[in-house]
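What follows is one chain in structure tokens, specifically the form predicted alone.
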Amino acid sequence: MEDWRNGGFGLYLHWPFCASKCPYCDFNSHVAAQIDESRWNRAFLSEIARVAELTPGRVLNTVFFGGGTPSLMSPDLVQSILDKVRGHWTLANDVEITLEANPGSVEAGRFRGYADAGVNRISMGVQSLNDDDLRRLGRLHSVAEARAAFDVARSVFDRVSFDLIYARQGQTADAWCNELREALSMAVDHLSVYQLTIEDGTAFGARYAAGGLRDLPEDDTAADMYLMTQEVCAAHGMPGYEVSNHAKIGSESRHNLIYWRYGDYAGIGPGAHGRLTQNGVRHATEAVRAPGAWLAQVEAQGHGELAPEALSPVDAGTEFLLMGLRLAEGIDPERYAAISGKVLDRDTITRLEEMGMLTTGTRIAATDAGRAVLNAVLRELLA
């Protein structure tokens, strides 16, 4: 059995356009005055057909429309893309089809159109339940609009997730705890919770380098917020199944689990990444990043990718470890050995277990404390 089957097979589709660029965002997202959807539709359909030829006979477990803001796509475009997907792959009986949405772009009619097209899960970028902080984060919606959008989504879809950002300017641990409890009081079954990070190349990055963005929580406070998040969410029946993700049992993001369980996934659209196994070798794929350049290359050359890179067993094993230890379930060390051709150092594992960073048995997993400092744990294991 090829190793990717342990994780499954998914399709990621990147829609690169947003209504505005958030100051903290380093994703491949762009603001455009005019978008020729028919042209983009032809490009997506062409790429789907091409990738399907590379993956014949596979069952597709998940589809994920990411961005950017995919909820700016017309339902007709989503319908056309999903019709093409269904024409080229067999979909799993429990296929998960997710579309990311921003509260400001939510309309009941549009959401019903997505559902009719086959979308069965929505991931919403709420980010904060505080209007002042939403403005600081550059978000175009208010808390009231976010709540209304969430209610619309829940009226159409059985599965709705939303994102929150913590460790914001001036935020205390108590304020975050109250906001988190408020979020959990909504009829949510999946919550993604991310610490605000200041990335180079963003507006926040430039502002921070110039001495701005004062009053960010200290590292110890942010760590306390992380551990508090684990406790509060678990107490509400939504344990952390991954470093930044919490869900009721059975409501985990199946698409993201493909990444973390090191399955195969095709990435289509500007800047999209993928991992595809060909002839027993896992390849890293990456698409041209600039939207206009990607579109032009698909039209001129019949594909939008840069040259795929064959991963060595050691590199594939490292990726497997980096992704798998993010999960509460951890990894199978025998699978790591099969992928990488190496075994993890037993003395290092024992030392980390004694420090309370890992649990061991048939699987190796990071504890809550270990996931809070996961980069340090991984450095030890990979040394």
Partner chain sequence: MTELSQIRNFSIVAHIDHGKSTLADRLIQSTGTVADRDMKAQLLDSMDIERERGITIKANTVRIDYKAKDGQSYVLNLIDTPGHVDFGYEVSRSMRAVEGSLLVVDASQGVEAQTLANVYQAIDAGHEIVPVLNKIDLPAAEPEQVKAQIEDVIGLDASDAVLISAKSGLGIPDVLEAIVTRLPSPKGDRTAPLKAMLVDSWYDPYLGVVVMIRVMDGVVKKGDRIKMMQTGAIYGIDKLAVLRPQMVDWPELGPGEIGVFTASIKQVRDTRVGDTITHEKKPCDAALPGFKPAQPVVFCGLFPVDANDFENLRDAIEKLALNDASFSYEMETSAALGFGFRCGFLGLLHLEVIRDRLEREYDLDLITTAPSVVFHLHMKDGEVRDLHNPADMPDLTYVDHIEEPRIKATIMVPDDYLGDVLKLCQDRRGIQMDLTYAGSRAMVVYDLPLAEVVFDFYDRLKSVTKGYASFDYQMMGYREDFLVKMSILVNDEPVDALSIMVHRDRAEARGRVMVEKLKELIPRHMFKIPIQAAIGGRVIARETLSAMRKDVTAKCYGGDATRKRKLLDKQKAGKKKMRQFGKVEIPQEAFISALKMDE
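Numbering follows the first chain given and starts at 1. Since we're looking at a predicted model, the values are computed, not measured.
Not pictured, yet referred to below: the form predicted in complex with the partner chain.
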{"item": "67, 265 and 374 all contacting the partner chain in the predicted complex, non-hydrogen atom within 4.5 Å", "value": "yes"}
{"item": "Single option in 252, 305, 179, 163 placed near the partner chain in the predicted complex, where near means a heavy atom within 4.5 Å", "value": "163"}
{"item": "Interface residue in the predicted complex among 139, 168, 246, 275, criterion: non-hydrogen atom within 4.5 angstroms of the partner chain", "value": "275"}
{"item": "Options 82-90, 291-299, 154-162, 216-224; stretch whose heavy atom lies within 4.5 Å of the partner chain in the predicted complex", "value": "216-224"}
{"item": "is_contact(residue 50, the partner chain) in the predicted complex, heavy atom dist at most 4.5 Å", "value": "no"}
{"item": "4.5 Å heavy atom contact, residue 338 to the partner chain in the predicted complex", "value": "no"}
{"item": "4.5 Å heavy atom contact, residue 383 to the partner chain in the predicted complex", "value": "yes"}
{"item": "Contact label in the predicted complex: residue 96 to the partner chain, heavy atom within 4.5 Å", "value": "no"}
{"item": "The partner chain in the predicted complex - contacting residues of 322-336, heavy atom within 4.5 Å", "value": "322, 323, 326"}
